[in-house]
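The chain below stands alone and is given as structure tokens, in the form predicted alone.
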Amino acid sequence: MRKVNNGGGWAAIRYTFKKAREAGGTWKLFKALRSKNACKTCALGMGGQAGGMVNERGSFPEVCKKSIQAMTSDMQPAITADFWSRHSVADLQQWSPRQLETSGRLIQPVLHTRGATHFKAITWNEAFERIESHLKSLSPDETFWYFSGRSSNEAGFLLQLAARLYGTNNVNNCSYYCHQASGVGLNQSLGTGTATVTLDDLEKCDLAMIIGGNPASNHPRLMTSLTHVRRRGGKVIVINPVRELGMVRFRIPSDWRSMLFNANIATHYYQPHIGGDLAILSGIAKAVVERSAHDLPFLQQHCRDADSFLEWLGQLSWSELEAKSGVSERDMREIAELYANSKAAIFGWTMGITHHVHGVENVNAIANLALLRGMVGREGAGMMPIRGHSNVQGIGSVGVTPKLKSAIFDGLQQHFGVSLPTTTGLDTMACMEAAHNGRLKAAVCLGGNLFGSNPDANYAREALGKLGTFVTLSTTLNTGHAHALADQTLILPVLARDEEPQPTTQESMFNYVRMSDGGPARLPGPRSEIQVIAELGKRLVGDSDAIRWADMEQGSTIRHWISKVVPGYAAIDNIDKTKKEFLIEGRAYHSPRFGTPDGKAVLFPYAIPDLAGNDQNQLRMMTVRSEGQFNTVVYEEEDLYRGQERRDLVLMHPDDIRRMGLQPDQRVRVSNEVGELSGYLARAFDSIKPGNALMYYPEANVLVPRTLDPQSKTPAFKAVVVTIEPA
């Protein structure tokens, strides 16, 4: 395949015109991207009332391949009724994630019943009657309700409210499989579950440390901010087991200087082993203290137990840190020196940090490092979890969690007079396990691909297949529709964000609430998420003195409820009239007063784990997204930045291929105690640290154990030990 020597650039521009042709023309795509709607992909916060392609600081044009891919997917033609008779379920199960995604837009409710060879189109009324009949026959705690982060605050709030009024707290969202460890760790360390910085802060820092992430592929517009750090003379430190092309060089198509001149991103790049994060972060912290670069007055005044933490740090041995990180003492000291010379540092991370059994401790360790020099609680410095889905943070804010925050729980009961259940709700994996053992009998999913996002794909297929009813609200097909087949499986077609008949809101990863105006539906048939949810509420719960579901079909009514019960959201009440987007109060920390009970940050010691997988034919594998996909959605088979034309690969360092007696591109069997994939190619990939391997998500989920971080319940999609042998 064609090779590129930088991320973005002319290849991205050519791709844009290619997708524009698919969407019906450049002007048509441009108008769609410029509509007053928040971006459908990552949570960096593009779009809103300033128009699409505008970020939170008002910068234009801001657009990336991910937003173009999502928009053109929603601009596909319809899946017509004859599709379901032409393609059996067995056919669909052979299709790749990309083939399913590019089949077209869903426009009719469809049904599959146990034993049938095909899905069939049904009416909306039959779909609702089937859901109502089965769910009314169950105890509410025999159901669970799962939410994607791509939906609006209004849809998320309404569905979690409907589920609780129906009688269950089995309410959870996709963050349990991505950034839940960030929320738990940040709450432990700082008393907040979100970023402590704004986008403006990122434009003021002189050091950005990106740990365990590849935003060049997954959050490309962040590269603009990192380019600005470089232009100010700042440093960009990348810590990742893989040397990712886009994090080394990235040309921003909307920036002529980036296109024509310097495209460098990372000033320094370090490659620990997969699973070596705690060791390298501890080593950097130890080196900071050994060179007396820590801010002792800050630690003593604004942190708990500083003395005992410093004592623990001093007892760590350099030999242990080197062995368990795969990084030399010299390199860890070099990072510490760069950090010691910075005046304002921001720490960003993605799922390379959270997808571990010690994911929460990884986040604690990053917070420790920031607190050592007082880099939290001031402008231009702080913590930046780089979230994926465009509204995953907002979904959590408005109550999509098994246990409601007391402010929301009390506010709903006191202000609106509703009665809510107090039973213990189940997290996402607990729901999957309860479905597998027969305790749960029905599930409703607001978007997403629950099957595709689960570890241990065979177990996930069995668990969802044991349900009596499985309902998904979707815009396009995905692997879950083909493989997760219950007694009755229903797919309800819904409108995309920019097609909603009413305005909706979303929350960016910088705690900024944006408003989307919606727009005309592109195709007949799909319904508004809010309309579908209100109909479910009316059928399952019914009207009462506390709630009338016809009123809840109005976004303004839902926003009024949100404004009264969700902390920091008061300004949402009249946002459709004022058009004033807002920063949620109390989230950004620009002074050293933290959200803990005593206002002090907490420093955490921890045990540093051994590296797994040391046998001759074993590697530490992590699942990754390609440049051509977003979360479970695969838009292109190729992975342009890694130079790969296919996905049935295990990317290995050439030294490991030789050590195992293999040949490049030899077909191999990749296996462990969970599952196996046979016939994959052992592809030489010298950008990964020896001893480690990459495989593509979600296909490689068959190899990922159901091992969880005990604190966040997040699966360990990284550091999966696999055995590789000739097929």
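Everything numeric in this text was worked out from a predicted model, so none of it was measured. Each residue number is its position in the shown sequence, starting from 1.
Only in words, not in the display: the form predicted in complex with a small molecule, which the text now covers.
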Residue (of E361, E244, D427, D201) lying close to the small molecule in the model of the complex, criterion heavy atoms within 4.5 Å: E244
Listed residue that, although the small molecule is not shown, lies within 4.5 Å of it in the model of the complex (heavy atoms), from R587, H112, H219, R251: H219
Non-hydrogen atom within 4.5 angstroms of the small molecule in the model of the complex for each of K66, I211 and R625: yes
Any non-hydrogen atom of N240 within 4.5 angstroms of the small molecule in the model of the complex: yes
4.5 Å heavy atom contact, T350 to the small molecule in the model of the complex: yes
S151: touches the small molecule in the model of the complex, heavy atom cutoff 4.5 angstroms: yes
Contact of D277 with the small molecule in the model of the complex (heavy atom, 4.5 Å): yes
Stretch from 443-451, 227-235, 85-93, 295-303 whose residues place a heavy atom within 4.5 Å of the small molecule in the model of the complex: 443-451
